[in-house]
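Taking the form predicted on its own, here's one chain by itself in structure tokens.
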Amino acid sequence: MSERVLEISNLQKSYGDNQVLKGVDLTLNKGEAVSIIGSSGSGKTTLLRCVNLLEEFHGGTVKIADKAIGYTETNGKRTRISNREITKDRALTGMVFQSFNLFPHLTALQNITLSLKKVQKKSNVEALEIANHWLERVGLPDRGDSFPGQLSGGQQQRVAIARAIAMNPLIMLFDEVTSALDPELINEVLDVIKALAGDGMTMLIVTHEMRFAYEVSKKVIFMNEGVIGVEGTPDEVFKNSNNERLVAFLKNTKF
């Protein structure tokens, strides 16, 4: 039986009068790669940010490893937990953003080891061992002493991936990680994610790269106006769906 890592139930999120998530239900099992596709404004990134607790959500629950995160509920009243507890819950996930968010004054190795030492209290030796391992896994074994300004965009994003994974989260969240890259650098980042998925890493991926989503995913989710419009295997979503919104969306994408 599959081990459920993430369970989202009736997730709702609004910005003022604009309801962005209108009751999303989603599950993710250990070792699965699930891609989320959809038009801009459909709620994809907001969904990831709610899972990572970068956004407050206004209804529903998010459970990681069967633990409700972000809020407690007593007698039907939801209460957001303390910032300290939020930080602990957030550590269950690792998130890689569109922008690389590396510290420019730190080397690649220092960017990765910083949280290992500050948050997880690893020794210098252990933090360096972990950082070097993941730099090698993302194809940058010889760039540990390079500063972000000395790296290409693709290399910086791979360092950002290594930094997030080094913290050993239960789930990796990827939010349009190639959207800020020049076309010739996109595949080097996607190939790293494919390799990690092949190794059985649990991941939720927001992407506009349709061929990549088809190749890497156990399941694909098409979001439309704050709800899940279609959910299924890559073949079901990309080749066999009659959903009019999905068909129209795919016509305007490269696949």
Partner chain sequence: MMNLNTGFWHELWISIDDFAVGIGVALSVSALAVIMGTVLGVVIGLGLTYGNIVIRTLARIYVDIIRGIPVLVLILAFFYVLTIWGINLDPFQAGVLALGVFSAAHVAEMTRGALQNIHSGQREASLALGLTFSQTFISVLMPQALRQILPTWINTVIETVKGSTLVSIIGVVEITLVTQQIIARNFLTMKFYAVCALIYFCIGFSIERFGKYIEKKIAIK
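Quick caveat, the model's predicted, so the values are computed rather than measured. Numbering follows the first chain given and starts at 1.
Here the subject shifts to the form predicted together with its partner chain, a form of this protein not shown in this document.
Handout entry: Interface membership of Phe147, its partner chain in the predicted bound form, 4.5 Å heavy atom rule
Key = Although its partner chain is absent here, Phe147 would touch it in the predicted bound form, with heavy atoms inside 4.5 Å.
Problem - Distance check, Thr87 to its partner chain in the predicted bound form, heavy atom within 4.5 Å - result: Heavy-atom contact with its partner chain at 4.5 Å: present for Thr87.
Exercise for the section: Answer for Pro141 alone: is it within 4.5 Å of its partner chain in the predicted bound form, judged on heavy atom distances? Expected result: Taking the distances in the predicted bound form, the answer for Pro141 is no, it never comes within 4.5 Å of its partner chain.
Practice task
Could you confirm whether Thr207 comes within 4.5 Å of its partner chain in the predicted bound form, counting heavy atoms only?
Solution key: Flag for Thr207 set to no.
Exercise for the section: Scan Leu181, Leu102, Ala127, Met172 and let me know which has any heavy atom within 4.5 Å of its partner chain in the predicted bound form. Expected result: Going through each option in turn, the one that passes is Leu102.
Practice task
Identify whether its partner chain in the predicted bound form is within 4.5 Å of every residue in the set Asn52, Thr93 and Ser115, based on non-hydrogen atoms.
Solution key: The answer is yes; Asn52, Thr93 and Ser115 each reach its partner chain.
Exercise for the section: From the candidate stretches 131-139, 94-102, 181-189, 68-76, select the single one in contact with its partner chain in the predicted bound form, where contact means a heavy atom within 4.5 Å. Expected result: Selected range: 94-102.
Exercise for the section: Residue by residue through 162-182, tell me which have a non-hydrogen atom within 4.5 angstroms of its partner chain in the predicted bound form. Expected result: Stretch hits, in order: Arg163, Ala164, Met167.
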